[in-house]
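Only one chain is given next, in structure tokens, and it is the form predicted on its own.
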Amino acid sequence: MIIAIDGPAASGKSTVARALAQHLNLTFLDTGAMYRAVTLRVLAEGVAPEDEEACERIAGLIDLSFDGQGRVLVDGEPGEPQIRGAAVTAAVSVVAAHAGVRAAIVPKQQAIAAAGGAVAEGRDTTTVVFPEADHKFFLVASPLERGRRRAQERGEPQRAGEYAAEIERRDEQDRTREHSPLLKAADARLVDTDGCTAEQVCERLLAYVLGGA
């Protein structure tokens, strides 16, 4: 079984997808972490994120996999927490927008899911990576709610407004990029997560998957 979950930054995709994967005994596939891993390597090699040819080369050569907790491994080594750093966060939208990078990474994502099913989350999983997924969901929440969540996650609740503004900028980049833009697939179920805990959202998705809703 393949379950694909899309949505903008901080809409709850990763937390919900991870929990859903545990409930269903499926692989948790964090597609965004894979682009962050490529970006980490791009920066480590001193390559400009805007250099599509060099970024594509790196994306084609890098070996990406996941450990038992769904954390990305870069050439067999843990990618966390480095892939979550500020420098990677600032550059990942640029690197991930390159057609060559996405062309190199999508087959890797598909191969991981093909090995035994997965709950995959990202920004184009329902439209490009797994258009024939068994279940598709598109999670949304207001920018203010998402900014609050991100600030809480980083232990900086006082910066919720700043994070909300940063998230809106990321949304615009993802929606307007030329290749694989963020958009809701016509057959994806829209799930508004405002005011909901991750557990509540997971329960809703689980009910849909198991046919109880």
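The structure displayed is predicted, hence computed values, not measured ones. All residue numbers are counted from 1 along the displayed sequence.
Not pictured, yet referred to below: the form predicted together with ligand DC.
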Handout entry: Partner contact for residue 32 in the predicted complex: ligand DC, 4.5 angstroms, heavy atom
Key = yes
Exercise for the section: Determine whether any heavy atom of residue 84 comes within 4.5 Å of a heavy atom of ligand DC in the predicted complex, and answer yes or no. Expected result: yes
Problem - Partner proximity in the predicted complex: residue 101 to ligand DC, non-hydrogen atom cutoff 4.5 Å - result: no
Problem - is_contact(residue 118, ligand DC) in the predicted complex, heavy atom dist at most 4.5 Å - result: no
Fill in the blank from the handout: For ligand DC in the predicted complex, the stretch among 73-81, 136-144, 110-118, 90-98 with residues bearing a heavy atom within 4.5 Å is 90-98
Practice task
Identify whether ligand DC in the predicted complex is within 4.5 Å of every residue in the set 36, 174 and 177, based on non-hydrogen atoms.
Solution key: yes
Problem - Sequence-ordered list of residues in 149-173 near ligand DC in the predicted complex, where near means a heavy atom within 4.5 Å - result: 170
